[in-house]
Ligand code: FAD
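Single chain ahead, written as structure tokens, the form predicted on its own.
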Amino acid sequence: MAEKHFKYVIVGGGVAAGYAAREFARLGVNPGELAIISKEAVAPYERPALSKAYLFPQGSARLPGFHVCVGSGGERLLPEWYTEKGIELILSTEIVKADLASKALVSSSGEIFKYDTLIIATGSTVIKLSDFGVKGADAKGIFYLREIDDADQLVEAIQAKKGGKAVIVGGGYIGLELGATLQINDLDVTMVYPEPWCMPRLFTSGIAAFYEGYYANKGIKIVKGTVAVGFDSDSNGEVTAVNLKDGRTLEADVVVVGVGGRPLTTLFKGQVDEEKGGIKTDAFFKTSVPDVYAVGDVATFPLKLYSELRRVEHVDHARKSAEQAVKAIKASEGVGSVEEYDYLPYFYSRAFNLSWQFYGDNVGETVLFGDTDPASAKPKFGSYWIKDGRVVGAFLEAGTPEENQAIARVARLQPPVDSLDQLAADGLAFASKI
């Protein structure tokens, strides 16, 4: 079997890998020292584009337009950038075995990759309904969205089924973003989810009521409090209907499932300490194994602001944790310095003409402020979360860059609040004064 050795190996070729590569290049890496091993066939790209601009009917995004690091306003790292820096992109290569004790990775074709330092950036995989034995879940026309190949297949289906019926299973990030893009593509969209409102991990009922109303005004039908328990298909194996637990049947030409993901940690089971579903790290993303780091979705790390261990599935953390790990690796070699990771949780989404940002923690009591009428010409509203008399989280729809910075500052500083009624009355002005 062929064997290659690198000083640094990043396993996984998503957002985190691209940002780590840029940080290595910034701090200094010699040609041939760094390799990125990815089962995808393309250089690292900004994954959020797949549920947004990639699916637009006009002016859609395509590679090389959204390779990292354009998602954070940085330089676009085309495949030739890696070549120029002497970074080896090993694409279309799936690692099937990791032996951390002997510092070796083995690919599906039997290649062995040895390393001195490893960064685990394997990310997450989608949860599939077939995992739970849902009848008919393997029919053609049922899609999941994680990688660019998934997006290409979905684009093909959207174009083939213009004017048809689409069912979105799930009411989280993917469900809301794809509900919008499929409606823009002239599909008749129905969303189905078991919770009492959309995006329940973050939204309050008040926030969710706005988005559900806005989507309804766009002609999107919403079915709550039930789940898909089976799918019907025709003689060609193409999906024709979604059967719900409450007995209803929804016609469907296209089905997109977004019911969550799970971190890809299987390769490392029993070799590293784990916690809260991820690989446990310190504030520098070092794992329990020397010379092994874990970043992005797979890392359970100390969230300094709240004095607790947490795992965060979001592109912002993927970018920043990757940079932090590389800084720590280089600092251990005497290059530069690094502070403990001090992350402020941040989430955002865009759909239709809407755009929201959230910072901090969504625990405690809540205060809703602003114009939450989904029929408004220019709706603008927000929410604060208050715990132990302090604002610990802030959400804003339709904020300007300055206003979004203001709510981030509030979430970071956690100012005290005397009156919830006064906070609601002050609204965004409260954040602007902090």
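The model shown is predicted, which means the values in this text are computed figures rather than measured ones. Each residue number is its position in the shown sequence, starting from 1.
Not on display, but discussed next: the form predicted in complex with the named molecule.
*Would you say the site is open or blocked once the named molecule, modelled from its placement in the predicted bound form, is overlaid by superposing the surrounding C-alphas? Use blocked for 3 or more ligand atoms within 2.4 Å of a backbone or C-beta atom.*
Open, going by where the named molecule lands after superposition on the site C-alphas.
_Partner contact for His67 in the predicted bound form: the named molecule, 4.5 angstroms, heavy atom_ = Judged by the heavy-atom cut-off of 4.5 Å, His67 is well away from the named molecule in the predicted bound form.
_in the predicted bound form, does Val169 come within 4.5 Å of the named molecule, counting heavy atoms only?_
Result no; Val169 lies far from the named molecule in the predicted bound form.
*Can you check whether Thr366 is within 4.5 Å of the named molecule in the predicted bound form, heavy atom basis?*
Thr366: no, not in contact with the named molecule in the predicted bound form.
*Decide whether Asn404 counts as a contact residue for the named molecule in the predicted bound form under a heavy atom distance cut-off of 4.5 Å.*
So Asn404 does not count as contacting the named molecule.
*Which one of Arg262, Lys140, His314, Lys128 is close to the named molecule in the predicted bound form, taking close to mean a heavy atom within 4.5 Å?*
None of the other options qualify; the answer is His314.
*Which residue, Thr300, Thr93, Thr190, Thr240, has a heavy atom that falls within 4.5 Å of the named molecule in the predicted bound form?*
Comparing distances to the named molecule in the predicted bound form, the residue within 4.5 Å is Thr93.
*For the chain shown here without its partner, which stretch in 207-215, 170-178, 331-339, 275-283 has non-hydrogen atoms within 4.5 angstroms of the named molecule in the predicted bound form?*
Careful reading of the contacts points to 170-178.
*asked:* With the partner left out here, which residues of 25-50 have a non-hydrogen atom within 4.5 Å of the named molecule in the predicted bound form?
replied: The stretch touches the partner through Ile37, Ser38, Lys39, Glu40, Arg47, Pro48, Leu50.
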